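To begin, one chain is listed below as structure tokens, in the form predicted on its own.
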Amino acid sequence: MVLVGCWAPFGALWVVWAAAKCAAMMTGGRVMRFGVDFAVTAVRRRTDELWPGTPTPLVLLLLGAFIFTTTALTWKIWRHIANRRPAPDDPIAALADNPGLTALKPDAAAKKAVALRRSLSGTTPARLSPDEVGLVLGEEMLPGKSSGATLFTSWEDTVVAFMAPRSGKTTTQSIPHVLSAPGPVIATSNKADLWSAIATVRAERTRGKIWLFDPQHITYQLQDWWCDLLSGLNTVEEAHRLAGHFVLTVADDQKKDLWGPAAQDLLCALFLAAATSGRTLHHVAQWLDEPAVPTPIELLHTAGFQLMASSLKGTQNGAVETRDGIYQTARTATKALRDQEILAWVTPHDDLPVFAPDDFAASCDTLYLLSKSLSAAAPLIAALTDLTMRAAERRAEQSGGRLDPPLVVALDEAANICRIADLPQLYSHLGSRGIIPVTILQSYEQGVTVWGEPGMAALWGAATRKLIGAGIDSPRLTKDLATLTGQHDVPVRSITYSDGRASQQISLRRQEILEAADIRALPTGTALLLATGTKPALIRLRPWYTGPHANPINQAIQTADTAIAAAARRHYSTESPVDLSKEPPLH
């Protein structure tokens, strides 16, 4: 401060001299040479000697302009430095120094994509398009509110995302992932927004077929295909898996695992009897209504499944109360088989093509599975997803172990409409098969209600990329994340007063980088990324409307929403309800 006080008058005097010099150059006047004489004359206010022949008002005008410009420039530079200088406890600055993120950045991710996909062998990594590199996670956040490099998943990663409603699940996850996938895609949703946004755009880009499963008329589209869930079902294990998709939807709030396993065994026997005898799910529904009918037992004997036949016979011949409880649970689980509109999608149609999961795995097609949350159609969503993933896994085994191009499985509302019982176990090896699952949940507890504590812990541990977005209100999860994020040293300044003197001391305090309240208050559009083998990182999510396909998507949304609204009005009109069998498809 002493130095500033000494040199400030000289600086101010030089600014006055510079303003006078500029004015003299403009008017042809003269200015006294800068020095001690100039300073003495300025103190005496003899302007006629300071700048003879130069108008004093012009000098003052230029002096004011110099002062204003210098002040504004200094303030701007100071603000720029202050904004870029993080606070001592800034979590962005604490997490920005993360060398582990190098493996997720474009150059490293492109090299890994070439190594994982045989079709890219020999390709220069720098020439790969972003869609070939991997799924976009977001952009790393750097101090000063700037964004860093784009971060990608690899084609062997498995992803789980926790994002509250209205926090950008569809705009930052489902739509970008489905649109950028280089191979086949399975996408689930309980609304029409995902399908209406990118169905036509993706079809034009990949030249693949759009398979829309919409038994509850969310999009009011005509059914143009069907799937035989019993096709190729010839083992007890496969039948048991199919039965599990239905039983898992039965509410069991008190966790009394009494009727569920027995109902699953019953459905396993009935599905196997129908599949091996060329019958359909219509027959399964009829057998459930007649607990004593011997037909499925006879069919199982004929097909060579004597043990399953014996098990079914034991169920039918058991105590009446027990048998009725098992059958009622099975009927509750298979309520989809009581709805003709839902059942039409999984029973034969001579005039409609059949969905072939094995062919789908080798294509660039897209399977959109829509159902209202916790509806009767939810088991069919899970069954179709599981059936297609297993077909992709078989094809991967026949292709050397990895599917190329990879299959992307975007499971939005997974806990409500796509409950696959062993999804946590599948996560441990799907990535190595070239099947990239992206499971989106609203909270950790939502996953616990479906897979239980051990299952949800297994899913969390097996996911190589974990995204925690805005609106997570789980105290347990936020506390665990705060622990996983780690701690850092924060300088703390303390001032003490004693005997009329003030003393200042700076000490280091160890504190969490992100507290639980900070994680809960993450802004919309940002997320905490936990990637295997690296420290946690804060990233900025990338919504579809900031990407290169924003205009085509906007046009597709407008067209689809207009057509859906018109069809809905006709459907709910008391005068002329719409007949969906005659409604032309939008896509």
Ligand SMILES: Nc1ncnc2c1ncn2[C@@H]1O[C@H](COP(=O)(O)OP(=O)(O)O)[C@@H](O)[C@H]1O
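A residue's number is simply how far along the shown sequence it sits, counting from 1. Bear in mind the structure is a predicted one, so any value in this text is a computation, not a measurement.
Beyond the structure shown, there is the form predicted in complex with this ligand, which is absent from this document and is the topic of what follows.
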Heavy atom within 4.5 Å of this ligand in the model of the complex, from candidates S363, S375, T171, Q446, belongs to T171
Single option in I297, V114, V236, A164 placed near this ligand in the model of the complex, where near means a heavy atom within 4.5 Å:
A164
Exactly one stretch in 54-62, 537-545, 558-566, 31-39 has heavy atoms within 4.5 Å of this ligand in the model of the complex; which is it?
537-545
Decide whether N554 counts as a contact residue for this ligand in the model of the complex under a heavy atom distance cut-off of 4.5 Å.
yes
